[in-house]
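Same protein, same chain, two forms; see structure 1 and structure 2 below, as structure tokens.
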Structure 1
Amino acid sequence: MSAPAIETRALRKTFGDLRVLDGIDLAVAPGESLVVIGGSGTGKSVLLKCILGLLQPDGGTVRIEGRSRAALAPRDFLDRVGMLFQGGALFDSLPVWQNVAFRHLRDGMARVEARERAIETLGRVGLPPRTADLYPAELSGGMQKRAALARAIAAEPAFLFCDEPTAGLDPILAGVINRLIRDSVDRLGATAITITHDLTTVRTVADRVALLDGGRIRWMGPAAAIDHSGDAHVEQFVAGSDRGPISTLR
């Protein structure tokens, strides 16, 4: 069996005395789509940033295709990554199309072609061509999120990380986005980790689901199992109940 595309072992991260990640063991197979759920403030975004190397973990290891992430050259990892930040993180000094075409422009693609490709990618997230020349600050929150997703998928990444891709979107567009992520996995063979609070996203995007709570993976199982997991954490999350093992004070 080949090495997992993404693997973490005993990953730990603390901020001051706040223990956010307390021994995370994850393995995502090549071409698999993992969805991470869990209460707000439980460390999902921190987990993604530790995997990407944007935050330095306090302990544990991150391996990409069997090799230590810290030792990888850009062409082995970051060149193949697409990341959608929870806050979008579009470059506000560049127009939308240059955000989307960032990698292409940097790698020397002709501007006319890069622009055409960017407009095509914007179309895939449901943004009309007229948005291409606007600046990020001129877009609505949901439009910014979609433009940021367009930037993440523009170069057909082998590793796709999405932090709450459908937050703030109407259900119709959320459906478009969910299918787009699923499509990246199915059609392009990407390995994906998606963070979400949206159960529709869980059901459409996930091969497997991991529930994060108290700094650990409390439950992990196939997407189809979340409705009859037999796990109190998952049941509470799916039911949206304030009673259960997941604290509402965090």
Structure 2
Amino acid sequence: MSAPAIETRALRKTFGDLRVLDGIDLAVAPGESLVVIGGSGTGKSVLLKCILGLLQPDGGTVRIEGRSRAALAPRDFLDRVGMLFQGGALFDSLPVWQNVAFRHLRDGMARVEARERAIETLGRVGLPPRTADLYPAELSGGMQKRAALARAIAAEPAFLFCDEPTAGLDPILAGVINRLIRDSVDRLGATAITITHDLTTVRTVADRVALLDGGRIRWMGPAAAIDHSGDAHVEQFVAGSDRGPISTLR
């Protein structure tokens, strides 16, 4: 049996007196799409940053394909990662094609080839070639999110991380982005972790779901089971209720 592509064991992170992660055990299989749900301030982004190495955990371990992430040279892992940031995080001073081809250009690819690849990748997320020479400020919010996804997948990463990918989008555009993420994961065969509080993202993107609350994973199961989990935490989250084990005081 192969090792999990991404695994955390007893992961802990505190900020002062605030314990954000309190012993997180996760295992994501190769090619699996895991969606981590939970309310605002429950530590979803902190978990993602600890896995990526942007934050140093206070305890526990992160393993990538069976190897300690701490023992990996940063580029040995990060060069295989695609990241879709919550706000897109496109470089304002660069045209869209240079945003998408940023990694290729960094690695010395000829600009003509890098631009051609960028246009091809933009096409995969539904953006026409004319988009390539526009600047991020000239794009709508939905187009910016598509361009950011194109950048995330341009180098065909083995790992794809998405931070609140539908934040700020209307329901129709959110549905488009969710489907593009799912299609990208399937096409690349990438191992993916998405964090969100959006149930439409869960239903479209997830193979499995983990609910994070109080610094711990309270439930984990297949996406198809989320509407009949039998777990009080999940039922409260799905219903959007202020009554249940999940505290509304955050």
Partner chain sequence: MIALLARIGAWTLGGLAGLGRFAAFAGAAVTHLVRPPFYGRELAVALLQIGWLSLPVVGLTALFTGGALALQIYAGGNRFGAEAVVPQIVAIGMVRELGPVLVGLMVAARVTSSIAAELATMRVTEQIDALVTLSTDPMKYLVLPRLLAATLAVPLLVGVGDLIGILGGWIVGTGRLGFVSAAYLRNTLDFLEPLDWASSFAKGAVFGFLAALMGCWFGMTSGRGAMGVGRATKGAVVAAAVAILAANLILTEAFFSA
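In this text, all values refer to a predicted model and were calculated from it rather than measured experimentally. Just so we're on the same page, residue numbers count up from 1 along structure 1's sequence. For clarity, a rigid core is taken as the largest C-alpha set superposing within 1.5 Å between two forms.
- Only structure 2 is derived from the form predicted alone.
- Hinge angle between the two structures, smaller rigid part versus larger, from C-alpha superposition: 14 degrees.
- With the core fitted, the CA of residue 132 sits 4.6 Å away from its counterpart between the two structures.
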